[in-house]
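The data below hold one chain only, encoded as structure tokens and taken in the form predicted on its own.
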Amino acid sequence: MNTVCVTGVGLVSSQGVGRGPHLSAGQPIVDSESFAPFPIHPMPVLDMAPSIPRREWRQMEPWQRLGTYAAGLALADADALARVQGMHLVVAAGGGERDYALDEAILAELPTIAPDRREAWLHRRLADGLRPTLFLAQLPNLLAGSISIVHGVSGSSRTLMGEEGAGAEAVRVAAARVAAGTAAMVLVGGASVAGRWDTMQIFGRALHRGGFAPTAERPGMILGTQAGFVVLESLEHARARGVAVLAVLRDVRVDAGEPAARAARLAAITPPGPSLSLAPHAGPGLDGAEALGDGLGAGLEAAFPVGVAVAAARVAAGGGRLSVQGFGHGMAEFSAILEAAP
């Protein structure tokens, strides 16, 4: 089996862009007003437009732009922009965003339409009012498609859905392919934008309300805008092309089951030693661990790729061996080990 290593990291969160702002726990940056009563960790100020062609930009929602941007950061960090031909892609993604203006217009007009005409009228209204990607229900694999188009990644592509567990499974699948030798290089990650009213509606009961509270002290999530992508390749492949190895990735584990046994399952898959916790709210695994959610918020599909990217950046900066562990707000427990290359 090949030794799997991280050679590129693309990170975006409320803390900033790239490895530097994520090398230590930063002060939480929280917007408690825009989506009150739900606080969020907002998107940082950044100009993504120069990195994405205008034609593609118009077809994307913010989460797609953010993911495509972060993927480009990871490719550049791995010195792999010229090696995307045949590179494989694994993405964790959620559902698409709503066109709020069209939603409001339809709801206002609907009572004036005769009941027997509403189905045909609604279909025509959506077809006329939505751009093609939204009419296709903003398919989750459009993020993978955008990354392929913008950055030229032309190998196989796989998209996984399922909130936090999807991000963990995406990394597990990508690492397994490199370890088995079925892929020389894999770009893997996810993105999530917190500032969406439709997300607030979907997760409302699972969200924290009011001002900021540390992860260990809140029963609900504070969503955080974040994206994390990493380039994975074998240690032998990385050394053959003369690129720096940021960290070795070992023992990616994903589990799931009934909530009552969560603590036991997480304990069984979490290795000893220094740890970064991806817990979205109070729960197991927080004792003695740094809660990434304090500074970054809950990232849903992006949470685990972001955690792996942060850990790799810290190992590369001399931080020693780190594990990343946590659980989903609904299901899934996950962990991985990042350590310096031998």
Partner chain sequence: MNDPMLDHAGRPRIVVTGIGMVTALGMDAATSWAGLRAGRSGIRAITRFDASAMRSRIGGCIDLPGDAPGRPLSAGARVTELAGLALAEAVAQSGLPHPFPGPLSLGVPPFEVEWPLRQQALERAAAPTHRSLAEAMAEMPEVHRQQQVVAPLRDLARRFGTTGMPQAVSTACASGASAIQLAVEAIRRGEADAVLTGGAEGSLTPETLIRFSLLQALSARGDPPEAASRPFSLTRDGFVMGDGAAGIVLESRAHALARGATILGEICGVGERADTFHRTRSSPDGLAISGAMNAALADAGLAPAAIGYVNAHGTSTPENDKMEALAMHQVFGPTCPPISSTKSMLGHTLSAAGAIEAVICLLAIRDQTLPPTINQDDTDPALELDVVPNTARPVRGLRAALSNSFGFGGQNVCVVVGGA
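Since we're looking at a predicted model, the values are computed, not measured. Positions refer to the first chain, counted from 1. We call the rigid core whatever largest set of C-alpha positions still superposes within 1.5 Å between the two forms.
In what follows, reference is made to the form predicted together with its partner chain, a form of this protein that is not presented.
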{"query": "Stretch in contact, per heavy atom within 4.5 angstroms of its partner chain in the predicted bound form, of 210 to 218, 72 to 80, 240 to 248, 119 to 127", "finding": "119 to 127"}
{"query": "Close approach of Ser234 to its partner chain in the predicted bound form, 4.5 Å, heavy atom", "finding": "no"}
{"query": "Proximity of Ala332 to its partner chain in the predicted bound form, heavy atoms at 4.5 Å", "finding": "yes"}
{"query": "Residue contact check: Arg172 to its partner chain in the predicted bound form, 4.5 Å heavy atom", "finding": "yes"}
{"query": "Its partner chain contact at Arg262 in the predicted bound form, heavy atom, 4.5 Å", "finding": "no"}
{"query": "Its partner chain in the predicted bound form - contacting residues of 19 to 34, heavy atom within 4.5 Å", "finding": "Glu33, Ser34"}
{"query": "Core-aligned CA displacement of Ala261 at least 2 Å between this form and the one not shown", "finding": "no"}
{"query": "CA of Ala105, rigid core aligned, shift of 2 Å or more between this form and the one not shown", "finding": "yes"}
